[in-house]
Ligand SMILES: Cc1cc2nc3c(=O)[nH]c(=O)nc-3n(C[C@H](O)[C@H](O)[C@H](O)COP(=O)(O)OP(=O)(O)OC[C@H]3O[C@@H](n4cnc5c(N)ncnc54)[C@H](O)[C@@H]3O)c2cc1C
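We begin with a single chain expressed as structure tokens, specifically the form predicted alone.
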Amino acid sequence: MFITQPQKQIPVRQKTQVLVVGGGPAGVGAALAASRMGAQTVLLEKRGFLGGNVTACYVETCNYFMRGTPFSPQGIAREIEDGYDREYPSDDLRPGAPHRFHSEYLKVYLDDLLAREGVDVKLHAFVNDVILRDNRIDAVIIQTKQGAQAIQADLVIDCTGDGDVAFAAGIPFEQGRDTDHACQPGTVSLRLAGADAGLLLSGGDGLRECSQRFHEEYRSGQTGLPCYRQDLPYGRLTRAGIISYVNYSCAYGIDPTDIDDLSRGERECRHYNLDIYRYMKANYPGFSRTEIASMSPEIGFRDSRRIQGLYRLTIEDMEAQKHFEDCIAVYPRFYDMLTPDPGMLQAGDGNVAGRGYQGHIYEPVQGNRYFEVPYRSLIPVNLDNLLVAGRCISAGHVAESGVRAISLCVMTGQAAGTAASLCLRDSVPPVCVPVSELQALLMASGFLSLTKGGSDR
């Protein structure tokens, strides 16, 4: 059943050279790169703050898997981490902890950073449609309290995570696994107050011990909890007794783009959070006086739409360390996929060979093994002024479990923003960008060598 919307005029609020949609890690990287290259840049974000899943879903521990490896964040991702640490020194008491953001401080840091760099940020700007003309996006439509408004741009970069702009423009996409399109579960993270930091730290890292204990209890069937989750990752532990996140609740069988599924997932996860809170309070030392401080503002997802681009990055490419002449990012080989099947939690051994059909996938960094991301995976088919960055680039489902890493999202965003500025300079579509110059600019900004293959990275 359909309803025909009467034709109406939509006011053009603004015109810009580069329009970045989505203010998460990819969008921040894209907007900063484009603005630094001299492009007039507008950044749209649907929420009231920037940071994407880091701030909206409490994913504060972004690059833990790089500790003790030859790898570290690159480019703008490295700059953000270092700059944030200078302004907001860590309050984390856990021994040997990896770098973690304080999501509330990060909101302010990103506000200030983008303002200094001249990016025009518009919050509470929900994008749900585009106007197409002559194989281009002529305008992006935002929903505001003043009604629908249009923003026109020469180049548009979709950093929404769900590929919302590309979807609205009719770009073909994949979602979830090839056979059933099932995605990884969604999570609403939990923040606690009142933990006994002294007790939890008296014998080392008590939170790590709680995680290990819970895993064993789940595997032996002792927990009796209804949520299909066997892991219990914790965030920062502060002197005030704050545990900044408990990443536990998982809603399975959710389509991250369907409002009924999203509504169900939010409700399920909130109840799962109450369950795990009560379980920890009753069973684990240091939790007896805790209270729920907050639950993350929205459910977070690990995968969603992946647009069809000029090249589809595959797990075979990544496993073979395939070199691409148009490489725009080099990243450590790392895969992290929660199984889409709750009944498969205890199946498999975490090996990527299961391809997401034999339980979870978790492959830590091995030596100096890496994979490359080609520029063509950022260029959607069928349009002449759209780029994508972040987890929705053109990739297979298992490949996405490596691509979705937060610092890599910043890197693909930076590559897209830099490419957009070259498009403007030369008056060419993204497919005609001089790749060697793009690579040189990225390397000058702190990326590793992108221009030769081999194992000497």
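These numbers come from a predicted model, not from an experiment. Numbering starts at 1 and runs along the sequence shown.
Here the subject shifts to the form predicted in complex with this ligand, a form of this protein not shown in this document.
Asker: Looking at A33, C409, V388, A420 here, can you tell me which has any non-hydrogen atom within 4.5 angstroms of this ligand in the predicted bound form?
Answerer: Residue within 4.5 Å of the partner: C409.
Asker: Within 4.5 Å of this ligand in the predicted bound form, heavy atoms considered, which of R302, R78, K107, K281?
Answerer: Contact residue from the list: R302.
Asker: Quick check: do C57, A125 and D164 each get a heavy atom within 4.5 Å of this ligand in the predicted bound form?
Answerer: Looking in the predicted bound form, the three residues C57, A125 and D164 all sit within 4.5 Å of this ligand (heavy atoms).
Asker: Name the stretch, out of 144-152, 92-100, 211-219, 244-252, where some heavy atom lies within 4.5 Å of this ligand in the predicted bound form.
Answerer: Only one stretch qualifies here: 244-252.
Asker: At 4.5 Å between heavy atoms, is G52 in contact with this ligand in the predicted bound form?
Answerer: Output for G52 is yes: heavy atoms within 4.5 Å of this ligand.
Asker: Is there any non-hydrogen atom of A416 lying within 4.5 Å of this ligand in the predicted bound form?
Answerer: Contact with this ligand, no.
Asker: Verify the contact flag for V21: yes if a non-hydrogen atom of it lies within 4.5 Å of a non-hydrogen atom of this ligand in the predicted bound form, no if not.
Answerer: V21: contacts this ligand in the predicted bound form.
Asker: So, in the predicted bound form, is A39 in contact with this ligand at a 4.5 angstroms heavy atom limit?
Answerer: Outside the cut-off, so no.
Asker: Considering only 28-49, what residues come within 4.5 Å of this ligand in the predicted bound form, judged by heavy atoms?
Answerer: L44, E45, K46, R47, in sequence order.
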